[in-house]
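Listed next as structure tokens is one chain, alone, in the form predicted alone.
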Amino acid sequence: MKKIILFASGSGSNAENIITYFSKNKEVTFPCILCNKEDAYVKVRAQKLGVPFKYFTKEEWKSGEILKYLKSEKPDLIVLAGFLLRVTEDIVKAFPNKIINIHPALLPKHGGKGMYGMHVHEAVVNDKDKESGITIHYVNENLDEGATIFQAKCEVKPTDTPEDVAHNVHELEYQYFPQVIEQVLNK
């Protein structure tokens, strides 16, 4: 049995997509969705999917409580699905090459501090990029600098708004993220 622990901070659409993708696979389980926002919509999705939801405070994050929880669960993979906190160094060290993240751009472009969600798509449009996409990567101690596992691209037209880019990038996320997780899990 393979265990995947999900981290999310917002609506949880990627978390729901991942859980749904694996729903018929009896070899994969989701012990918990961990979230740093008590009122995030991902809580509703977790309840609907029957996956335990655990909210944690900044103090629990910084004090090592979440690391203790992760060590007790012994996950095969930790997946950041719209998680907006930087993973602490002690967690990265405890789970080398077992934490993956999805970024809504083609890293190394439009990565780093403050580059998440619509901020990324606005930067793509403002820079007049001809393409955007997703980068699925391992998490290391540097923000958005872990080794790339997979990238997928979509065209950005001169008339596209940040919302158009967001829509196209979300389509790539939903299509590829669960597949790549499955490949990494089966390595």
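Given the structure is predicted, the values throughout are model-derived calculations rather than measurements. Numbers follow the displayed sequence, beginning with 1.
The same protein also exists as the form predicted in complex with glycinamide ribonucleotide; that form is not shown, yet it is the one meant from here on.
Among heavy atoms of His167, none comes within 4.5 Å of glycinamide ribonucleotide in the predicted complex. Contact annotation: Gly117 falls within 4.5 Å of glycinamide ribonucleotide in the predicted complex, judged by heavy atom distances. Proximity of Gly10 to glycinamide ribonucleotide in the predicted complex falls within the 4.5 Å heavy atom cutoff. Not displayed here, glycinamide ribonucleotide is kept clear of Ala94 by more than 4.5 Å at the level of heavy atoms in the predicted complex. Contact residues in stretch 67-87 (any heavy atom within 4.5 Å of glycinamide ribonucleotide, taken in the predicted complex) are Ala81, Gly82, Phe83, Leu84.
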